[in-house]
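As a starting point, one isolated chain is supplied in structure tokens, in the form predicted on its own.
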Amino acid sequence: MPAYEIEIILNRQLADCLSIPVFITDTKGNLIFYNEPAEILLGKKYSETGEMKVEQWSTIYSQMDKDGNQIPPDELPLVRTIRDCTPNHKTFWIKSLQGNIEKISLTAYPIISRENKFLGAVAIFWKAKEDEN
């Protein structure tokens, strides 16, 4: 892992301790880490994929609405958080690298330093209940 600001390192440490899936990106949207619960849901270990550009991770996993239509990358909560530096939330379906389709809810928030500098973003997600929108 390259040298990152302490806020990124602390978010990664927290992600390692959580039992729910977590993605962490840098300011350009490059995926710099995802934890073990995310590996299970997505179907691929972080050690196998490593860091990924936003263009890669936002399209490698198919994201669909309730009717099965592809969600454009710009409408994904994590991409919106990176673009706007604001928290975002959405419930949608993903197709894992293993071909499994899962309904997930995802909340993304920006990582801001004490100096008020945007450092990246975190996405926390979980399998959604059938009645969740």
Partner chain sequence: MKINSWGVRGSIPTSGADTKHYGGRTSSTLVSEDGELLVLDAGSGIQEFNSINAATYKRVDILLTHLHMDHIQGLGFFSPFFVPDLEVHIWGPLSSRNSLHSRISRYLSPPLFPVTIRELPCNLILHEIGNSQFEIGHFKIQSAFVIHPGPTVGYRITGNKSVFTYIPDHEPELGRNGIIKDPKWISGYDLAAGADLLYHDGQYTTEEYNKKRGWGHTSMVDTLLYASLAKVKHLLIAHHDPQHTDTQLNEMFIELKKEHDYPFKYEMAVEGMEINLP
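Worth saying up front: this structure is predicted, and the values here are computed from it rather than measured. Residue numbers count along the first chain shown, from 1.
As for the form predicted together with the partner chain, it is not shown, yet the points below apply to it.
Within 4.5 Å of the partner chain in the predicted complex, a heavy atom is found for every one of 3, 6 and 36. A heavy atom within 4.5 Å of the partner chain in the predicted complex is found for exactly one of 54, 32, 104, 71: 32. In the predicted complex, the partner chain sits beyond 4.5 Å of every heavy atom of residue 20. In the predicted complex, residue 92 stays away from the partner chain, with no heavy atom inside 4.5 Å. Comment: 43-51 is the region of 94-102, 63-71, 79-87, 43-51 lying near the partner chain in the predicted complex, near meaning a non-hydrogen atom within 4.5 Å.
Contact residues in stretch 77-112 (any heavy atom within 4.5 Å of the partner chain, taken in the predicted complex) are absent; none meets the cut-off.
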